[in-house]
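One chain comes next, on its own, written as C-alpha cells: the form predicted alone.
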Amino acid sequence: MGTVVIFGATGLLGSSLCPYLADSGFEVIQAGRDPSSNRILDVTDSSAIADLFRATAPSYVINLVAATDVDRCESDVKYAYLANTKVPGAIAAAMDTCGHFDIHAVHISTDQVYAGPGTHSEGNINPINVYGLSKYAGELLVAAKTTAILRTNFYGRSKLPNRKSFSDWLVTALKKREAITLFEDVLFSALNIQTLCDLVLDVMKQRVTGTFNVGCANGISKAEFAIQLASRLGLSTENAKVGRLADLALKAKRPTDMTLDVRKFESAMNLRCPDIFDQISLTAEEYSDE
C-alpha cells in the first residue's frame, strides 16, 4: 500500500489510525517530538521534514498535529500558532521541496472554523476563537498542495490511558454517577474514531484533494448524544442536568452549532456519510464490555 508518514501520531486519533493503517498494509512512520515516535524531529522545521521525506519516500503524509485546548489557545497565541499553523506550513514547504515524490497529504482540521446556525458548507468560514482561526490559517498553507483537508470532529474509546475522548469522559461520569451538565445548545455531526479511520483510508486510496466537511449526515445536541449513549449502555442520567453553554463564562468563545453539510464529501467520494444514531450505537458497542 506504500509508506505513510504521520505527524502527531501519538495523539487521540493517531493512536487509532496508526495501527489501523498498518493492518491495512501501509508502512507507517510516526514522526514528531514524542519519544515514542520512530522518527523524532522538530515538526515546525521544513528542512528536517524534507530530509525525512527524502529518506523514506512516502506516498502519503497525514498531519494530525493540533493544539486543541481552546482556552489555552485564546491566552497563548504562540501555542496555537506553532501547532495549528506553523506545522502545516512546514509540511507544505517540505512537499514543495520534495515534489518529485508525488506525495498525497491528508490534513485533519476542525469543525470549529464555523459559527452561527448550521448546517455549514465549506465556504461558510467564521472562526470566533484563536483555535479556529489558527486551524483555518493552517488550512490555507496546505490548500494549494495535493492535499485533502478534512474538517471533522470525533469521539470513541481512546487507546491512550492518559487522553480521554468526549465519550470516554461521558461514560466514566455516568458510571460514577457524577454530577455533570449536558449542553442542549451545542450541536455537532461528529464521527466515531473508527469510522473516521475508514474514511481517511478511503480518501488516501482515491487520492482526493480539496477541502471537505467529514461527519455524519445529520446532527444532534451534545445533551441528546449523551442521553442516547446512556440509554444504549443502560446507564442512568439522573445526576446529569441539561444546561446551556451560553450561560458559562468561558475564556474563549465557542461555536454552538457545528453541524456539517457533508454533500461535497459524499459527491467526491461517491458514498453516503453515516447517520449519527448509528454512530452512537457503534460507540456504545465499544464500551459494552466495561
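Values in this document were obtained by computation on a predicted structure and should not be read as measured data. The first residue of the sequence shown is number 1, and the count goes up from there.
Unshown form predicted in complex with a small molecule; subsequent notes refer to it.
Taking the partner from elsewhere, every residue among Thr110, Lys135 and Asn153 has a non-hydrogen atom within 4.5 angstroms of the small molecule in the predicted complex.
Taking the partner from the other structure, the small molecule in the predicted complex has no heavy atom within 4.5 Å of any heavy atom of Ala226.
Looking at Asp34, you'd find a heavy atom of it within 4.5 angstroms of the small molecule in the predicted complex. Although the partner is absent from this view, Pro274 stays clear of the small molecule in the predicted complex, with no non-hydrogen atom inside 4.5 angstroms. Residue contact with the small molecule in the predicted complex: Val43 places a heavy atom within 4.5 Å of it. You can rule out all but one of 26-34, 261-269, 230-238, 246-254: in the predicted complex, only 26-34 has residues with a heavy atom within 4.5 Å of the small molecule.
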